[in-house]
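To begin, one chain is listed below as structure tokens, in the form predicted alone.
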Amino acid sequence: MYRYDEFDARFVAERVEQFAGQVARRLAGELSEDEFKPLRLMNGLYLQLHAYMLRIAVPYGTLAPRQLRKLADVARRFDKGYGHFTTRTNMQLNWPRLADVPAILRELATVEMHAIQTSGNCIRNVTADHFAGATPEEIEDPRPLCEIIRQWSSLHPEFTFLARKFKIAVGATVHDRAALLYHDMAVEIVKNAEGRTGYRVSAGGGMGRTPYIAQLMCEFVEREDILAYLEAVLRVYNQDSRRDNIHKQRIKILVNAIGAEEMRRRVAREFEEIKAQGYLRLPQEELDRIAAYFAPPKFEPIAEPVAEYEAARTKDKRFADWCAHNLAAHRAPGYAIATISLKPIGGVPGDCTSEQMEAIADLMDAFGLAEIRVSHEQNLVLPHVKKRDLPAIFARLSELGLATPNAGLVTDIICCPGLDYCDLANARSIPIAQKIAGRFADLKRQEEIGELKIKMSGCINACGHHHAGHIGILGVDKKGVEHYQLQLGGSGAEDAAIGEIMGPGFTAKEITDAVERVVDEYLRLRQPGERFLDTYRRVGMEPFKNVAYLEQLHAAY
């Protein structure tokens, strides 16, 4: 993984001391909250419903054991002993004291971490496929490009104060695990007809009040031109975006207003001007230099099948269940990609205690695992695990309460903090997610249902990606009472789609039953081999709507 050079280290250290001075001035009353707000947002600090919240960057979702230990340490010393992993692969502390934030940032800087550009109207933390560098599906590891984008975008003089936040994701496989087309800009690593590797770029995606799927900007950008092309897109957005209405300031609104063809024309014109100036060419040697930091470990030659692994699966059903759902194919024989679910039945999706983080770091050291990933699905991933080590790893994860075998199943729910923490939320999301997971706790039932992605947000800002859920749930306020609106048919994968709103919302008491009736109707209607999403696309909304509101209809009569 990438290691700071002297410029990175100095940049982060200087920012910490600058912000420490700003915090001191706020505590002394020399800055009002309105004056302090833009300063704290540039350093990842929000003022939430009950306390400040610090959002810590995890670039492209990659952490070393020492960094995971440091997150555990700051969560224990300066918060309530846990962290919350988000859909942007960041980690949030929900209860830090303002006076302690400079000390937290100093601690993070000792392990090459920070909170810069995790908030504010700038280019946010760049994300990637959490299986990067391990999956046999990819053309190449997308994280070197993510790191180059991070370096290019950090304190970029033109893009530090955009009209609104700007999110970029990079992928390198046909199977999209990074929700690429829901981003302001998406970069896909592709090969052209001549076999050269380059980039397909899309722009204008996003969730929130008005969700859109990103539109293709360029089918193939040469390697050396990628930063110039990204800069062209950002320049057009920065120049032409609305700044008079907060709800119309994202690039998705601009692309929709002028049309994808006109957006492509404007970007192409800007791109040619930048190229003519010749200053933003990405040398192959620089890409190679950065890529060297992400070289995979030297994989042992391990023959398949792996006897210890196969024996454990035969002997221990719990281990076999976990392998069936939480392991993915690896590029090297004898290895696997292991997902650590942060969705125990009845738990808070995405939360991880200090003790758990430290124990995972110890586990990584014990088995020579140099890195762990944070997924946008709010889970953790061990990308390079020897199959013979999996029984022992599973045993330790079980002791930690981290061996739930539900990756990709109905209880693997994405969920924002909602009204329990967030002052923007209209409704609680955590308790609803817990009740739904409890309703479907039986593993046999989950396996019968198959792949079904439930995603839940406590407000229209869509931090829980409800638009992209096979079943999406949105918390809304209805005359001071929390209600929950159902959406069906969304997808954040390569077949990206925006969920269709079913109709009026359900109360907190009704929503779990409504979700269960929708799932049961899918089981009744599905044809062999169909996932929930396949069945929905075949039969449409009507049969699901007919069953979802049965309880309300019975009450009316």
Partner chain sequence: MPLIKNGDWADDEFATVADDAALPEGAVIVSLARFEKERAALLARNARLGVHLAAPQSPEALGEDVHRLSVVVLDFPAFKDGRAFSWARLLRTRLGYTGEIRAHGAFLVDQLAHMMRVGFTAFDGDARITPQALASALGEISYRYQPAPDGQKTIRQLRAR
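Positions refer to the first chain, counted from 1. The structure displayed is predicted, hence computed values, not measured ones.
Quick note: we don't show the form predicted together with its partner chain, though the next part is all about it.
Peer 1: What is the one choice in Leu155, Ala324, Ala329, Val174 with a heavy atom within 4.5 Å of its partner chain in the predicted complex?
Peer 2: None of the other options qualify; the answer is Leu155.
Peer 1: Only one of Arg97, Arg318, Lys444, Arg243 gets a heavy atom within 4.5 Å of its partner chain in the predicted complex. Which one?
Peer 2: Of the listed residues, the single hit is Arg243.
Peer 1: Heavy atoms within 4.5 Å of its partner chain in the predicted complex: which stretch among 421-429, 157-165, 254-262, 201-209?
Peer 2: In the other structure, the partner sits against 157-165.
Peer 1: Mind checking whether each of Ser375, Ala493 and Gln552 has a heavy atom within 4.5 Å of its partner chain in the predicted complex?
Peer 2: The answer is no; none of Ser375, Ala493 and Gln552 reaches its partner chain.
Peer 1: Pro283: heavy atom within 4.5 Å of its partner chain in the predicted complex?
Peer 2: Taking the distances in the predicted complex, the answer for Pro283 is yes, it comes within 4.5 Å of its partner chain.
Peer 1: Indicate whether its partner chain has at least one heavy atom within 4.5 Å of a heavy atom of Glu188 in the predicted complex.
Peer 2: Although its partner chain is absent here, Glu188 would stay clear of it in the predicted complex, with no heavy atoms inside 4.5 Å.
Peer 1: Going by a heavy atom distance of 4.5 Å, is Asp520 a contact of its partner chain in the predicted complex?
Peer 2: Asp520: no contact with its partner chain in the predicted complex.
Peer 1: Consider Thr197 of the chain shown here, and say whether it contacts its partner chain in the predicted complex, taking contact as heavy atoms within 4.5 Å.
Peer 2: Taking the distances in the predicted complex, the answer for Thr197 is no, it never comes within 4.5 Å of its partner chain.
Peer 1: For the stretch 249-284, return the residues whose heavy atoms include at least one within 4.5 Å of its partner chain in the predicted complex, in the order they occur.
Peer 2: Residues within 4.5 Å: Arg269, Glu270, Glu273, Gln277, Tyr279, Leu280, Arg281, Leu282, Pro283.
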